[in-house]
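Next up: just one chain, as structure tokens, the form predicted alone.
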Amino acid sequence: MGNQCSNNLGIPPAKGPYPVGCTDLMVDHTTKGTFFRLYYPCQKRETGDRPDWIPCREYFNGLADFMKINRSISEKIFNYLFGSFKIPADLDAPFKSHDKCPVVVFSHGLGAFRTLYSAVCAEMASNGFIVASVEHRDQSASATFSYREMSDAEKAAGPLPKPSSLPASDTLVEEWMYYRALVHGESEFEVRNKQVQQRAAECVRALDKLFEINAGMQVDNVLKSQFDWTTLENTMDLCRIAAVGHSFGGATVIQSLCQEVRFKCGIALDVWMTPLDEEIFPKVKQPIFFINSEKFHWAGNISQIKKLDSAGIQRKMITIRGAVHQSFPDFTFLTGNWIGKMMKLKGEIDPAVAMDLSNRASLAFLQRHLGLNKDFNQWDPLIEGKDGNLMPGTNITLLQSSI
């Protein structure tokens, strides 16, 4: 494995034995509902439809707000840089798997949304997992949307402008929710802790919905979709469920493990610990795998992670040399070296190498703690940091007083 970055831009195709499909599910059109993108093993089709990586312009606007840049300028820049990229999955492809699928619920980072981690989610689906990538409605996503019922006056006035995401009902009106920055004087912990609890509740609701789908209950999808949800009946191995997330999503993993014992283990990618109340740490009984970049962490963050150490429960940590915080989302594959490093979307390591190390180590950890009958144990050494591009534990030196 070398460190020479490729000039070929695009989200890499998944490497597992299954073709990957994806579809979106919104249940309950309000912000209290459940919204996620589902990745799953699918039937191979010669003429599949790959969805846009950024679904519509409102997400560009949200990214602009999050990055504190002008919307009109940023839309042109983002559309130029990212507008042509597609998700490496076949939209609404028929489900197909030879075995019951273990389940992953994925939580995105601050300022992200459900589509930005397709390289991680598609890789898991290509290896036989069903993955629900939740879009959070706690105002930590750069943008998300829900619907409201059309008023009588609106119905009488005639058709409204065509929404960016078509609902199944003609009486629903699209409403967008954008990222809310902290205001002066606000306590970051209080705001983020409230958000992480909502995020964990949204992950649990997504898991509840997967249980209902697996039981054959009717799916009332708010969004127009060609996917046949009845094909997922009795396809999931609901004794083998994990939570995975990046940054704020990593904190959401830990909160979710505390709130829901059906999650058997968790993987926290470059976890941001600030949102968490350490009083929950003794309540987290499941194994956790921390996969870190070399450039993100600091002593306070690592010391918080160390407080989760347990003599009887496996806590593993590795660090990817030359990786940055944005080595986990798809952005890292979509810019050239100069722009990527200037925007801190790329580190010194080849993004494909970093992603492969993270994904393979994750699969090995999931096999170990979900009891999977797979060949992912071939990557067991990565869990211990045994690779030239990895280090066991952390690169951050902690003073004894901070441990």
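This structure is a prediction, so every number in the text was calculated from the model and none was measured. Heads up: residue numbers just count along the shown sequence, starting at 1.
The same protein also exists as the form predicted in complex with a small molecule; that form is not shown, yet it is the one meant from here on.
Student: F78, W229, F85, F281: which sits within 4.5 Å of the small molecule in the predicted complex by any heavy atom?
Tutor: Looking at the other structure, the residue within range turns out to be F78.
Student: Looking at P287, G111, G322, P163, which is the one with a non-hydrogen atom within 4.5 Å of the small molecule in the predicted complex?
Tutor: If I apply the 4.5 Å criterion carefully, the residue I get is G111.
Student: Is it the case in the predicted complex that F189, S303 and I305 each bring at least one heavy atom within 4.5 Å of the small molecule?
Tutor: Verified in the predicted complex; spot residues all out of contact, no.
Student: Is Q326 close enough to the small molecule in the predicted complex to count, meaning some heavy atom within 4.5 Å?
Tutor: Yes, Q326 sits close enough to the small molecule in the predicted complex that at least one of its heavy atoms falls within 4.5 Å.
Student: Look up in the predicted complex whether C56 has a non-hydrogen atom within 4.5 angstroms of the small molecule, and give yes or no.
Tutor: C56 lies outside the contact set for the small molecule.
Student: Is there a non-hydrogen atom of V353 within 4.5 angstroms of a non-hydrogen atom of the small molecule in the predicted complex?
Tutor: Answer no; every heavy atom of V353 is more than 4.5 Å from the small molecule in the predicted complex.
Student: Does the small molecule come within 4.5 Å of any heavy atom of F296 in the predicted complex?
Tutor: Taking the distances in the predicted complex, the answer for F296 is yes, it comes within 4.5 Å of the small molecule.
Student: Mind telling me which stretch in 355 to 363, 370 to 378, 36 to 44, 65 to 73 gets its heavy atoms within 4.5 Å of the small molecule in the predicted complex?
Tutor: Of the stretches listed, the one contacting the partner is 65 to 73.
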